[in-house]
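Coming up is one lone chain in structure tokens, specifically the form predicted alone.
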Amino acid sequence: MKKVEKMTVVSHRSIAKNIYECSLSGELVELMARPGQFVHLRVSDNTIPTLRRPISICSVDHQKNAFTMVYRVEGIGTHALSQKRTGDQVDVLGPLGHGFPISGLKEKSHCLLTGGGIGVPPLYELAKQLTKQGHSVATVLGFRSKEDVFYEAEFSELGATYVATEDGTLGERGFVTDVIATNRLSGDRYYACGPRPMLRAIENNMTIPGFLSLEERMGCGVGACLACVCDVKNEEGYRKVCSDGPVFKAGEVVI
């Protein structure tokens, strides 16, 4: 079930280079249950920008009726969003898409979470829900440089956390796959979200079951416009990232 609502900004701050954390409150939060889902935002009352912006759900607080999203300013839409202040309202459509499945795990499973850049946020609610159910998590966060890093402390409160930066200014120098190999990280299941080259490398190297969340430009966000389709592996056809995903079982779609 999804709905449209004018939600209220309850906090908004910069947490890294061009990265913002924004919390919104409203009744729509009652519908947010599965980690990895996203919302589709209209950030202005005029026609610029024309399309909504898809932003992943980072964490949900049902007691406060609020959710938090972390986004990167990249264009006019996210720049307009970054100008919102506490008390302003944002038109929110959601929750959308199918999130990360956490059922089917044996008791006290160990899960490996890997995020790259703005693919990190949806893994935070996943980590919270997994640990709440008695599972353990290890998280690998990948960024370009130290100034891009965020949520290292938040993930560290939930389990072992590794940081990789491409220039080596924080954590281990290299990519998330280097950290996974060097530290021989594995588990009963893996989850990953980030740019496609990162997802492709993880899918090709991991030998345990996993799920991948795709980042994609979207038009409608509800499966009508076909702007975000991806090919299916081993059979003809396609999947819509917005309504069939954004999370897919590893091996299901062409990354």
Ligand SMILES: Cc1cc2nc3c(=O)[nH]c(=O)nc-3n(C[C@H](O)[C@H](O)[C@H](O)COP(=O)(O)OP(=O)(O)OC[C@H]3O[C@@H](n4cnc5c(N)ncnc54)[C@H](O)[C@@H]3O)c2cc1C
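All values reported here derive from a predicted model rather than from experimental measurement. In this text, residue numbers run from 1 along the sequence as written.
Here the subject shifts to the form predicted in complex with the named molecule, a form of this protein not shown in this document.
Task: the named molecule contact in the predicted complex: Lys84, any heavy atom under 4.5 Å - done: Residue-level check for Lys84: no, no contact with the named molecule.
TODO: Could you confirm whether Pro195 comes within 4.5 Å of the named molecule in the predicted complex, counting heavy atoms only?
DONE: Heavy-atom contact with the named molecule at 4.5 Å: absent for Pro195.
Open item on the list: Whether Ile118 contacts the named molecule in the predicted complex should be assessed with a 4.5 Å heavy atom distance threshold; does it?
Closed with: Looking in the predicted complex, residue contacts with the named molecule include Ile118, since a heavy atom lies within 4.5 Å.
Task: the named molecule contact in the predicted complex: Gly75, any heavy atom under 4.5 Å - done: The answer is yes: Gly75 has a heavy atom within 4.5 Å of the named molecule.
Open item on the list: Only one of these stretches, 184 to 192, 52 to 60, 23 to 31, 200 to 208, has heavy atoms within 4.5 Å of the named molecule in the predicted complex; which one is it?
Closed with: Every other range fails; the passing one is 52 to 60.
Task: Residues within stretch 144 to 177 having a non-hydrogen atom within 4.5 Å of the named molecule in the predicted complex - done: Residues within 4.5 Å: none.
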